[in-house]
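Read the single chain below, which is given as structure tokens and is the form predicted on its own.
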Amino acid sequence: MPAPVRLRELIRTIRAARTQAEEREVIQKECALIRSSFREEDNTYRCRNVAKLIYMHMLGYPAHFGQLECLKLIASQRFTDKRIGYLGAMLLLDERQDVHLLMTNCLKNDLSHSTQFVQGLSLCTLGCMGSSDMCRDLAGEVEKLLKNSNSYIRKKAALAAVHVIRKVPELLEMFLPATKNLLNDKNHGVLHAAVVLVIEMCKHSPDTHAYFRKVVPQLVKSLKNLIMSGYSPEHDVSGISDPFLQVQILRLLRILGKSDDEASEQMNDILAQVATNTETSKNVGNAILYETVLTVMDIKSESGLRVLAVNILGRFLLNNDKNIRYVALTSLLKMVQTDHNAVQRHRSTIVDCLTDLDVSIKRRAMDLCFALVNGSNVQGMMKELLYFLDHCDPEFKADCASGIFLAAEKYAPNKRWHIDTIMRVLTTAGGYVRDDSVPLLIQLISNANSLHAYIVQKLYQAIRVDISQQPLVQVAVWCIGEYGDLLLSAEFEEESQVQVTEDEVLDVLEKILQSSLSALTTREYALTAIMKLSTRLQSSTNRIRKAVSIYGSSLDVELQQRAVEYSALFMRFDHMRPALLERMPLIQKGAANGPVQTVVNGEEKEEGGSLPAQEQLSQQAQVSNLLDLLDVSNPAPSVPQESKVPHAGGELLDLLDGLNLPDPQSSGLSGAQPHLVLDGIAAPNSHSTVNLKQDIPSIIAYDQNGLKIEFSFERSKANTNMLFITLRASNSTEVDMSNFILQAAVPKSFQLQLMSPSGSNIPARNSGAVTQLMRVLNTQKHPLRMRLKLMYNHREAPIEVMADINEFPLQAWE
């Protein structure tokens, strides 16, 4: 058989191939010749053939059929054969194949070979692909070689020991004494390998930390010698002596100094020397400084040293290398919680990174900017972040908007600034905000009583220009529905105020309803807002009725249902419409969201616990619990029970004097869930089983000192014993009546339930009213009698009056 081609000629032939198909043809032809040579047991050219297989394997072609030939080369006595054999074993074999176990005996023999290069080959192979079983069998030989007098062998043995510990951590103790001695070695390669070995031991066994903390002074000394040593051609890299060894020693010091005061104290001086003496003009020096910063961050270092570490990262931010800037931002983000003030000094440089072209740097800079926001710099930082939000790529807008929301909620100097900031975000990136942003902003606006006119003006102006930002439109429509009367009034005085007419407001809402840009949720908001404006825009009721009725035939079920129910309010229950469409009470955060912010007398207060009684009146709809008065066992859930108003129960005997009240057991309502105010109201042409009679005349229950209480009655057809009384309280004086509370009591033969009132303030000059629904169950058909207790504040003075009502219409009980 002719001699096979040399490796050099094969490489030249493969490189000369013009196409991949031609290359595959050359490889397949050569593999066939190599297989034939292996079958003929040709020992002369086995080394050459395996070398060619290794090259083909590197090109990605299969070469597994040469595995056994590698074992034969390893068993050879010639060094050139062993070298190719071990190289082939490291590339073609791994621990998942049982073939590698066949070389264990050869490795053991070569570890004791008289030639250091053969020993080095076997140690490299063991450290590269040794399995757990192989490591257990050969660990003793590796441990002996750690004590070898030859530095070349000690270095290779230390690296092999690292692999042994990774595969079999329980053998770690075997190497401890020899490893400790290696840390005294003068040879840089041996010392480097020893430090790597100690780091691996510390990762696998925390118990070794205390053992190696004794060598911290020795490590500090070695590091100092590297810094202070002069030029050494053998170890110099860009003017720095052995930077690889310096980095590994710093990593080991970081592990040993963590959570240990004594070890950290021993390191402080040398870390300061490394930080101040290392050249920063080359990338090699920056790598050492970065490891120094990480070490300072992890150990219990002095405050001055931590400030020095932050300043190093600050210099990194000015580097032209993007990788270094990214590393600096990532490290500062980790340090900002512990060294906030030191990081704040570099705020301007961090903000400048927001304009970087690299997206990774921009994202890290954005995260760090949000971490730097506090109460003293929130306005300046928000200005920068809002500018970034305006100009950043879409992939950043969602995270940036969410971060601005959280920062504004936590550090806002006042409510107006907070609302302006969120409105700016919604205007800029409304399509990217999280889902809960709309209810959160509505809650915030609801509690800002003094800013309602300003807010509704700003939002109205915003949606006149752009209705594409759906969250902004939803908030604006909600505010117009709630505070549309303020939009038309002159209460808000500012240069940017725009005079608005009722028709213009309705035009905008109808445009939103009809726009293809509006989502279904937005249309639902708009339809409800138009309905609410029917009680706020007195001269546009007919137009609103027509606009609502159009959607009674909408293809969308939700819009259709809303429109039908709202139309029913116009036709059959028009007397209840003002009460049902009153302004929403203050929306409070749940307990899970932290302290509740309330607005009392125009002042913001933050409470972590319960509010005083007078504040609870304004925060909890100021409603008296009649069922508490009568000791009923199943009170309505809409009436808070936990807040007892002092004067609400103080005059109980006076209120009930003269009325025969039931026992607690006989006066309780059934355990059924309470119904809504509109329970039993059926849409036109529906087949509801519950309908209400409206043939009972209304009465004036109380009319003194400008306060007028009117009762209207309705009876359920489903239960003729149940009477619904709608109370309407109006104020004809020139001053509003505030904190209005009504209590009522009936004789023991009746059962009475009070629902929550529509509000607590009765506007002056009959411009509005407070309504409240009562339910009276009269099973014995007795004549109805009732005693009322009215409490309210008028002209800054508390007023409390009693009234008996004995002249109810005959139809009310028959």
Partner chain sequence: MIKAILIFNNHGKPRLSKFYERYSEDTQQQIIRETFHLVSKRDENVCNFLEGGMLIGGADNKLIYRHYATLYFVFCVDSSESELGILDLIQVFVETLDKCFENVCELDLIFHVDKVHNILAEMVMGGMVLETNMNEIVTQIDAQNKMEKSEAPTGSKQYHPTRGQCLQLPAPPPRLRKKPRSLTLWCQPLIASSKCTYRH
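Residue numbers count along the first chain shown, from 1. Please read all numbers here as calculations on a predicted model, not as lab measurements.
Quick note: we don't show the form predicted together with the partner chain, though the next part is all about it.
- Message: Whether T44, L59 and G189 jointly form a contact site for the partner chain in the predicted bound form is the question; each needs a heavy atom within 4.5 Å.
- Response: Answer is yes for this spot.
- Task: Given that the partner is absent here, state which listed stretch (761-769, 46-54, 785-793, 747-755) has heavy atoms within 4.5 Å of the partner chain in the predicted bound form.
- Result: Within 4.5 Å of the partner lies stretch 46-54.
- Is R78 a contact residue for the partner chain in the predicted bound form, using a 4.5 Å heavy atom cut-off? Yes.
- Query: Looking in the predicted bound form, any heavy atom of Q337 within 4.5 Å of the partner chain?
  - Reply: No.
- Item | the partner chain contact in the predicted bound form: G481, any heavy atom under 4.5 Å | The answer is no: G481 has no heavy atom within 4.5 Å of the partner chain.
- Is there any non-hydrogen atom of Y387 lying within 4.5 Å of the partner chain in the predicted bound form? No, Y387 sits far enough from the partner chain in the predicted bound form that none of its heavy atoms falls within 4.5 Å.
- Between the options L176, I442, L517, L91, which residue brings a heavy atom to within 4.5 Å of the partner chain in the predicted bound form? None of the others qualify; the residue that does is L91.
- Item | Answer option from G552, G403, G127, G430, heavy atom within 4.5 Å of the partner chain in the predicted bound form | After the contact test, the surviving option is G127.
- Message: Could you pull out the residues of 143-180 that have any heavy atom within 4.5 Å of the partner chain in the predicted bound form?
- Response: Contacting residues: Y152, K155, K156, L159, A160, V162, R166.
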